[in-house]
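First, one chain by itself in structure tokens, the form predicted alone.
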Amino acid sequence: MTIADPATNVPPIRDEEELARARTAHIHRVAKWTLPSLVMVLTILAWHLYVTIAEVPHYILPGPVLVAQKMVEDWALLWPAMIVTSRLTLLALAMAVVGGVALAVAFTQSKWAEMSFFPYAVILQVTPVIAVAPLLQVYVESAFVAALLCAWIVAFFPILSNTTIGLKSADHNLSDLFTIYGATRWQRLRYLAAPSALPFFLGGLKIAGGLALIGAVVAEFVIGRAGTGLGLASTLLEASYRFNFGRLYAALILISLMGVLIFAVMSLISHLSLRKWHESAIKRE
């Protein structure tokens, strides 16, 4: 313990170091939000100045003011489309989580199941969804269900792969200890494999959230050409046909905001799940 000299009344060096660390941490917390916000403001300002000074036609590059105006004017059209895309993305992600985790558990419990089905999971992953979407549209009556299957195909593999790796990453010494105490398969899965797999699963969840949105948008692009009018991607495609670039940019911005929101929610879930015990989330001094 460091004690200050009463004659000089000099504060302890340790207190000064802690104060400096606290000040640095505060600056980092502020910069974490202010710097990206500043970059965004400067980018929008540069965009506005460019289209104004260069007199760029709105059908080539609309200005941010026009995009904001179109977003307000066309909100009655954009909001239902955004609801459809959001529902499609979240349902596909939920299906990917349920199917991926269930199949990963089956793979780790049975080598025969892994050898039988894992190659087909890889085939689903490497097959371009843009090539699968027209076939699903032919074989599935509902355009929404066809788009949902496309988004699920894209989001499924990261959950399956990461969770499988996580379930196999349990500490071997702890595994031997469970063997010594005669633990059942269920006890091994619940108390050993599942906690070990949780960080891997959450990492796959962050990837799958963005991929589910990408899969939904690609499926809407392909299926929307048939006049089904699905979601924001179909709205974007229709706007490009009509040279309504203000609406096009508005739909594109909403898609990007949805992606950012999904990633933020997945990151929050990961942080809340791991912050008290996993090395990747514990804050260090």
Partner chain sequence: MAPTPPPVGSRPRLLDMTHVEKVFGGDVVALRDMNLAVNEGDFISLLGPSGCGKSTALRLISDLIHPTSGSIRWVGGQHGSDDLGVVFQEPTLMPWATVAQNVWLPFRLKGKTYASVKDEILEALKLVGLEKFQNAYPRELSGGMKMRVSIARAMVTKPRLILMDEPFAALDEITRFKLNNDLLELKAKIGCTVIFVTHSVFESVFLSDRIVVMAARPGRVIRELTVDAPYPRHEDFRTSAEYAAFCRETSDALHIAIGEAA
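Residue numbers count along the first chain shown, from 1. Bear in mind the structure is a predicted one, so any value in this text is a computation, not a measurement.
We do not show the form predicted in complex with its partner chain, though everything after this point is about it.
> Using a 4.5 Å cut on heavy atoms, which of M115, I130, L177, V145 is close to its partner chain in the predicted bound form?
Contact residue from the list: L177.
> Which residue, L149, L77, V101, A183, has a heavy atom that falls within 4.5 Å of its partner chain in the predicted bound form?
The residue in contact is A183.
> Is P134 one of the residues lying within 4.5 Å of its partner chain in the predicted bound form, judged by heavy atom distances?
No, P134 is distant from the partner.
> Answer with yes or no whether L91 is in contact with its partner chain in the predicted bound form, where contact means some heavy atom within 4.5 Å.
It does not: once its partner chain is placed as it appears in the predicted bound form, L91 has no heavy atom within 4.5 Å of it.
> Is there a heavy atom of F263 no more than 4.5 Å from a heavy atom of its partner chain in the predicted bound form?
No - in the predicted bound form, heavy atoms of F263 and its partner chain never come within 4.5 Å of each other.
> Looking at the partner-bound form in the predicted bound form, is E73 within 4.5 Å of its partner chain by any heavy atom?
The answer is no: E73 has no heavy atom within 4.5 Å of its partner chain.
> Which one, 205 to 213, 169 to 177, 105 to 113, 156 to 164, holds residues whose non-hydrogen atoms are within 4.5 Å of its partner chain in the predicted bound form?
Only one stretch qualifies here: 169 to 177.
> For the stretch 187 to 203, return the residues whose heavy atoms include at least one within 4.5 Å of its partner chain in the predicted bound form, in the order they occur.
The stretch 187 to 203, when checked against its partner chain in the predicted bound form, contributes Q187, Y191, L192, P195, S196 at the 4.5 Å heavy-atom cut-off.
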